[in-house]
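In the block that follows, a single chain appears as structure tokens, in the form predicted on its own.
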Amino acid sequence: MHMKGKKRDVFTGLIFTAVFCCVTLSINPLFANAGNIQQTDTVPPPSLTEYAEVADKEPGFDAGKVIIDHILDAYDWHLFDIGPKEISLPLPVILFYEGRFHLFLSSRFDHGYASYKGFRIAHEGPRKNRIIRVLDDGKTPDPEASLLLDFSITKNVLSIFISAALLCLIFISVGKKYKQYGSRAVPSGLQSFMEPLVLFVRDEIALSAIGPKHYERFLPYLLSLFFFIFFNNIMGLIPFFPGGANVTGNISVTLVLAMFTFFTTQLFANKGYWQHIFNTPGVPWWLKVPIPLMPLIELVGVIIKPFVLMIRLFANITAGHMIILGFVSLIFVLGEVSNAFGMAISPLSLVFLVFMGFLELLVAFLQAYVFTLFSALFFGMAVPEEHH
């Protein structure tokens, strides 16, 4: 690998990574809180007394809540519990309402039990777990609330910041080694780990799917895409801070990645690509005129391709998190029935947990590979006369 090409790919990749983060930071809170534009909830969230009554009646382990709370995004980052007390990292809440910004920490919501500055986290209705505007009593949603935009730094957004910072640190360090010693130096440290992955993406994905003439044009994007997904998949498997966030299992994040692939494909597509869509070679004329059946099918396919990418990554990563948490929860669920049941199932659950952990490591790589490969294939189809 030539040093100049390596440096160019690394720094261009860093630019793509920054763009990933900026767009995801913008779209993730807005998609998660898209329903907040008009607050018309009629069911008020429960009061502190009602929460206490529910806690007294149902003190048992709620496996469903544990699993869903981990999968969904949150306004704070839960770290651990000390008895009944939840220890979490408060995150910045940034709201735009009635022409002004409201900035404060999520700890003001007291884990969702309190309101602050006329806002609170809804516990019922279509906007459950999202910030809504409430009346002076601090509980009843305001039916006449105007436009409310949420730009908060949520758990997934902070995780994206962390993973992007790690990517920048790693690749800048590797790039400095190439600059200092050149491409002929024996790889060591991070360089020995990252270089095979970079070469794998270049040779086995970009070069084979796009072709030798145009693969370099798409290589920085494909490298950024692969490592962004791979790093966030791995970080999602770490059970403690700064890991554990379900970034690539968030539908808005996978949507942003799929849209990058979609718009890159259309931007670099040449005449042969559009000819294949609107005048597919080898197709009988009666499938094109008077009803453009084949062009319609091809246009639908153009839209479906990124949609499939989005759903595949989202579903596989989310399912993996749910299975792992299910095995952990099984110990506590049976332990509430009987201590003997809990102790008996613990070794079996731990065995399956370790097995699923190693399987998820493989899935973390495979999903990054599959998403990047299909993106490269779409780019290859965008330059058909150059693809061999």
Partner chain sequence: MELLSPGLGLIFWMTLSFGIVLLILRKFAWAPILGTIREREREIAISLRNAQHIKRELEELETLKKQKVAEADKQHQELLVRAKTEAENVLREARIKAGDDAHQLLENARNAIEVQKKSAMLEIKHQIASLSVDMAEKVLQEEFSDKEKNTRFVNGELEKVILN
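Numbering follows the first chain given and starts at 1. Just so it is clear, the structure is predicted and the values come from calculations on it, not from any experiment.
One more form of this protein, predicted together with the partner chain, exists but is not displayed; see below.
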| Should R130 be classed as touching the partner chain in the model of the complex when contacts are defined as heavy atoms within 4.5 Å? | yes
| message | Contact with the partner chain in the model of the complex for S252, defined as at least one heavy atom pair within 4.5 Å: yes or no? | response | yes
| said: Check K288 for me: does it contact the partner chain in the model of the complex (non-hydrogen atoms, 4.5 angstroms)? | reply: no
| Can P295 be called a contact residue for the partner chain in the model of the complex at 4.5 Å between heavy atoms? | no
| said: Check for me: heavy atom within 4.5 Å of the partner chain in the model of the complex, for each of D76, F262 and M356, yes or no. | reply: no
| request: Counting non-hydrogen atoms within 4.5 angstroms of the partner chain in the model of the complex, say which of D110, E204, E98, E216 makes the cut. | output: E216
| field | Listed residue (L237, A209, V174, A145) with a non-hydrogen atom within 4.5 angstroms of the partner chain in the model of the complex | value | V174
| Segment assignment from 137-145, 191-199, 298-306, 110-118: heavy atom within 4.5 Å of the partner chain in the model of the complex | 191-199
| field | in the model of the complex, residues of 203-237 near the partner chain [heavy atom within 4.5 Å] | value | E216, L219, P220, Y221, L223, S224, L225, F227, F228
